[in-house]
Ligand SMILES: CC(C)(COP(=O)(O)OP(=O)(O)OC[C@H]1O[C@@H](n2cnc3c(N)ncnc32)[C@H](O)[C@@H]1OP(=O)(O)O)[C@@H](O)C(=O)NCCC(=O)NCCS
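As structure tokens, one chain now follows by itself in the form predicted alone.
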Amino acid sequence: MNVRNPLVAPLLPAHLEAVQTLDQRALGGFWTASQWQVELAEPRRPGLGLWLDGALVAMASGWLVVDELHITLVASDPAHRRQGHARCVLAALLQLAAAQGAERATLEVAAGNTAACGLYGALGFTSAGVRRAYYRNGDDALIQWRGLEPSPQQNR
């Protein structure tokens, strides 16, 4: 029997091995172990993971800078793509950032990454510019932004 119990939870220093494994599978090793250690330990760098049957299958992380969330990474295990996991974990990260006072979110996405562009568009991001030859392979990046709704706790 295949039990599927999705859980979105903060990524912690104890998750170093799991995030490195997913990073390697999904992004080819975007960050080094030492970079991940900093990401997982720094409170102003929130990260959330979506765990399925005890395995990390999607994650999103960012940096809170004053009133902005700079999304630094969104990854989904290739074996679990197109199932809404990345959308779920990214939406949760946006909610978390709003609860912590962020008023808007930004990210860069490869102009040719149609799947990611579709995900971000579905979550309300719009392009505000282009960074030419932003990526190591020479691809351009689209600069995307969206506003964040204040959490109900902030309106009290």
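Take the two forms, find the largest set of C-alpha atoms that superpose within 1.5 Å, and that set is the rigid core. One rule holds for the numbers: they count along the sequence shown, beginning at 1. Since we're looking at a predicted model, the values are computed, not measured.
Just so it is clear, the following notes concern the form predicted in complex with the ligand, a form of the same protein that is not shown.
**OP:** Just give me the single entry in T126, T114, T32, Q95 that has a non-hydrogen atom within 4.5 angstroms of the ligand in the predicted bound form.
**Re:** Going through each option in turn, the one that passes is T114.
**OP:** Please check if V65 has a heavy atom lying within 4.5 Å of any heavy atom of the ligand in the predicted bound form.
**Re:** V65: no, not in contact with the ligand in the predicted bound form.
Subject >> 4.5 Å heavy atom contact, W36 and the ligand in the predicted bound form >> reply: No, W36 is distant from the partner.
Original post:
in the predicted bound form, does A122 have a heavy atom within 4.5 Å of the ligand?
Top reply: Although the ligand is absent here, A122 would touch it in the predicted bound form, with heavy atoms inside 4.5 Å.
Subject >> is_contact(G118, the ligand) in the predicted bound form, heavy atom dist at most 4.5 Å >> reply: So G118 counts as contacting the ligand.
**OP:** Considering the ligand in the predicted bound form, find the one stretch among 126-134, 97-105, 41-49, 24-32 with heavy atoms no farther than 4.5 Å from it.
**Re:** Of the options given, it is 24-32.
Original post:
Counting only heavy atoms, which residues in 87-107 are within 4.5 Å of the ligand in the predicted bound form?
Top reply: Result: R87 alone.
Subject >> Core-superposed C-alpha of Y135 shifting 2 Å or more between this form and the one not shown >> reply: Yes; that C-alpha moves by at least 2 Å between this form and the one not shown.
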